[in-house]
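Presented as structure tokens, the chain that follows is alone, the form predicted on its own.
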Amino acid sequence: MKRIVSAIMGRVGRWGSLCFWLVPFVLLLLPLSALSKEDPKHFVRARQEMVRSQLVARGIHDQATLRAMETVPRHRFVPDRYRASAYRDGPLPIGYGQTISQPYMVAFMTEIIGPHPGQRVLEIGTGSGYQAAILAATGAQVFTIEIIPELAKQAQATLEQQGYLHIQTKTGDGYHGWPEQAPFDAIVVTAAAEFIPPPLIQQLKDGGRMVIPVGSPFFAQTLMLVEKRGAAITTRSLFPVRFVPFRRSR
């Protein structure tokens, strides 16, 4: 925190009085994690290498997405026993039969919705909270739903610990979306559904985008891009994927 204040003071120079008024507002814009103890250097290097070799090398180029992936500490969103593997090229288990997605998949699903500050994004399947944190780090206003109560509680605690206090979380069946907060500029679904839930299409804004894996857990799944233009709904198959099944309440 002292380094942050000193940097601001150096920039402002002789305008000390202006700095006095600006500092509190600047600090309010920073995640609490930025004011806490820095990550160990090996995690920082691993995150940078992840962005370079797994994301940029595979065609991820959106700068907001890349900055978010390089900033958000993925190792804090996985169980302790998997932290050493947090930046490897693959998914990891997070308990209750769920996983945190491969870094490339998180980045791709973020990039394809065109992330930008103020964008209202609904996420279905909070999981560990990592995808929600990435979306928030791009400046989006994030609403996220998790059907497993234990995971929802755990993810909310992790997000709060990392300073993402403005992400709105909810425990419930994501099939129905979040009608009280609709419409959304974008929807990100992190579990494979056998078909695209109609309530989610209804909750997209005109011009909105949804990215969702579609298919059976035992057969082929395809990542789909859904776009809404007035009454017209278009879908596009992107590439084969493997996600955990979309869970419903009984």
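A quick note: this is a predicted structure, and the numbers were derived from the prediction, not measured. For every residue, the number given is its place in the sequence shown, counted from 1.
The discussion below concerns the form predicted together with a small molecule, not included here.
> So which of T99, Q141, T158, T71 reaches within 4.5 angstroms of the small molecule in the model of the complex, heavy atom to heavy atom?
Exactly one residue meets the criterion: T99.
> Of the residues I167, I124, I113, A86, which one places a heavy atom within 4.5 Å of the small molecule in the model of the complex?
Only one listed residue qualifies here, and that residue is I124.
> For Y175, is any heavy atom within 4.5 Å of the small molecule in the model of the complex, or not?
Yes, Y175 lies within 4.5 Å of the small molecule in the model of the complex.
> Though only this chain appears here, would M105 touch the small molecule in the model of the complex if you measure heavy atom gaps against 4.5 Å?
Outside the cut-off, so no.
> Contact with the small molecule in the model of the complex for Q131, defined as at least one heavy atom pair within 4.5 Å: yes or no?
Yes, Q131 sits close enough to the small molecule in the model of the complex that at least one of its heavy atoms falls within 4.5 Å.
> At 4.5 Å between heavy atoms, is I147 in contact with the small molecule in the model of the complex?
Answer yes; at least one heavy atom of I147 falls within 4.5 Å of the small molecule in the model of the complex.
> Going by heavy atoms within 4.5 Å, which of 40 to 48, 211 to 219, 63 to 71, 184 to 192 lines up against the small molecule in the model of the complex?
It is 184 to 192 that comes within 4.5 Å of the partner.
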